[in-house]
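This document starts with one chain, in the form predicted alone, laid out as structure tokens.
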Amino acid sequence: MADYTLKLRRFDPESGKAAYWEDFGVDLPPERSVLDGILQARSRDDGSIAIRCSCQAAICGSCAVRINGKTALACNTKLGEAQDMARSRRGREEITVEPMGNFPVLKDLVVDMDAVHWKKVQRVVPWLLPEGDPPEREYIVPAEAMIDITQSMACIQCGACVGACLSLEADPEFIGPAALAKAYRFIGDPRDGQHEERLKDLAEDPHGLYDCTHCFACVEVCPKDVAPMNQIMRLRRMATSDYEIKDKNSGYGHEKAFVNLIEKYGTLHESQLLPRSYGQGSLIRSQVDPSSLKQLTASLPTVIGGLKSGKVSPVKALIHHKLPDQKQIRRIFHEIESEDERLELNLYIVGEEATEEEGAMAEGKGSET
């Protein structure tokens, strides 16, 4: 009897048949990878099995697939661990392997990276755009100035985050976590001279910065701890706090509304969040600004739904109680806002047990608080 059973999702567009599942027995020890199992099945049972692979060391990123429903690198997932996951998640022995989501499938486990991943990376202009004449030799940048973008530079372009992204599943036009992490790699680079222009472009795009729903899926599946969602949040903070880009998607207004409400009440005043967001953080502006009124009118179905569900009521809309010790929350706000620069512990560099001295190395604008 085989040590493991791989349940592969097969699809050959030239055959004209629909996709189907096929089981393959694998005789390998538990510390060997799922990729080793697939290659054994291809060598021993069916030479037509299609999968991309190269380095087999979690460096090239070409073997990203879904294993037991979760996107991962096949070469970086052990057979024993994959079977334990299958048992805990599905109560089955078979290790299911299928192509990544959010991509057109070319054959079996091979997806069209050009149609989605690379198309979106090209969208963010993935190269430096320096200002002025180039130097006589290379650009010189202090090492400490590059710390904040080192995490996004670790990306191996495997597309795992794209395959797992729920926002992309809902909106295929979303620029996506990998491309936005790549955008931060250049926007956070002091050699680039188009920071504000890049940020404005991504903020104004309805499928850009503010299309991310914070599902954390990209953070969970990234094999290199790039944490694309963290880079997206850094881009948002730069757009709103550093450059105050008042975008047509109300991303700036939503952040200001959320922060101002918490500072004032200590808890979220939901009935005011929507109008304040459309009014760039101001409730009064939302009632007099034509564009804000237009957005509010378009949101009436949402308001009606909130009234029907009881989440919003006329009383709640007018009266929202503050926390008993709200002055302490305001004190925290004022203390943080009094700082000239944001201070971040870049845990990707200094580790989770970082000291204050190590964290000070990561001081600078665009950092995560």
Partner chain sequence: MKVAYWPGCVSRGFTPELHGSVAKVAPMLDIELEELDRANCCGAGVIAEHSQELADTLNARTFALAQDVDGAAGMMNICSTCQGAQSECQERLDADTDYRSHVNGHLKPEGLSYEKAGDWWNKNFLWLLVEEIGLDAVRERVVRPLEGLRVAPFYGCYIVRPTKRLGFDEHPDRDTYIEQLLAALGATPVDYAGKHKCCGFPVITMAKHTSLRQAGSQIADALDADADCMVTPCPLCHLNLDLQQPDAAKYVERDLGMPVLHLPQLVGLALGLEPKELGMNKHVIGTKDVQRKIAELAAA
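Keep in mind that this is a model prediction, so the values were computed, not measured. Positions refer to the first chain, counted from 1.
One more form of this protein exists, namely the form predicted in complex with the partner chain; it is left out here, but the text below deals with it.
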property	result
Distance check, V26 to the partner chain in the model of the complex, heavy atom within 4.5 Å	no
Contact label in the model of the complex: K107 to the partner chain, heavy atom within 4.5 Å	no
Close approach of W118 to the partner chain in the model of the complex, 4.5 Å, heavy atom	no
4.5 Å heavy atom contact, A170 to the partner chain in the model of the complex	yes
Listed residue that, although the partner chain is not shown, lies within 4.5 Å of it in the model of the complex (heavy atoms), from T302, S43, S48, S54	T302
Check all three, D225, I262 and L274, heavy atom within 4.5 Å of the partner chain in the model of the complex	yes
Proximity to the partner chain in the model of the complex (heavy atom, within 4.5 Å), stretch among 234-242, 131-139, 118-126, 184-192	234-242
Residues within 4.5 Å of the partner chain in the model of the complex, restricted to 45-62 and counted by heavy atom	none
